[in-house]
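Just the one chain here, laid out as structure tokens, in the form predicted alone.
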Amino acid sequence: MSEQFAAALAAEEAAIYAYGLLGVKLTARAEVTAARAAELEHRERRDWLINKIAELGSSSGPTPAGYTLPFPVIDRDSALDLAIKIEDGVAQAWRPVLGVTADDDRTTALAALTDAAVRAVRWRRLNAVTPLTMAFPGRAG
């Protein structure tokens, strides 16, 4: 179970890093506000995961000092593309957590997956990416 939580934690930490980089490339005030809100949400999920992993008697390990981005973030469009990629990745990381949890923990995992999928749709809409939705959010591919 802790490996699924660890994977979700890694995705949340990567999202926090990415939002710190992409936020400065966004131009509209509403986009910046949405990016800040998303980063805060990822921080809350990260903190929940750290506590859950500790509750299971495991250690979350150190956070990487940096990450390799999948592509350069040089303007608004590439920043939005990164936000989409990050949110899709976060949803994919939370999906396996559903299979190893129950009750309140499963509710939290489902909310995390759903929130990431909804944010990805919003970023797609802002960047005119189609299709807006994925058939099965959280499924790789």
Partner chain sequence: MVLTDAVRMSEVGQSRRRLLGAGLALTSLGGCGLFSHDPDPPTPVDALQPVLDEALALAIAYDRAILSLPAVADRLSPLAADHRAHAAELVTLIGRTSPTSAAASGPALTTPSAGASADEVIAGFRTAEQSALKTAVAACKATTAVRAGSVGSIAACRATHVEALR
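Since this is a predicted model, take the numbers as computed values, not measurements. Numbering follows the first chain given and starts at 1.
Unshown form predicted in complex with the partner chain; subsequent notes refer to it.
Looking at 30 to 38, 66 to 74, 47 to 55, 92 to 100, the stretch with residues near the partner chain in the predicted bound form, meaning non-hydrogen atoms within 4.5 angstroms, turns out to be 92 to 100. The candidate spot formed by R106, T114 and P131 is fully in contact with the partner chain in the predicted bound form: every one of the three has a heavy atom within 4.5 Å.
Within this chain, V118 lines the site of the partner chain in the predicted bound form, having a heavy atom no more than 4.5 Å away. Contact check for R122: a non-hydrogen atom falls within 4.5 Å of the partner chain in the predicted bound form. Shown without its partner, the chain has no residue in segment 40 to 62 with a non-hydrogen atom within 4.5 angstroms of the partner chain in the predicted bound form.
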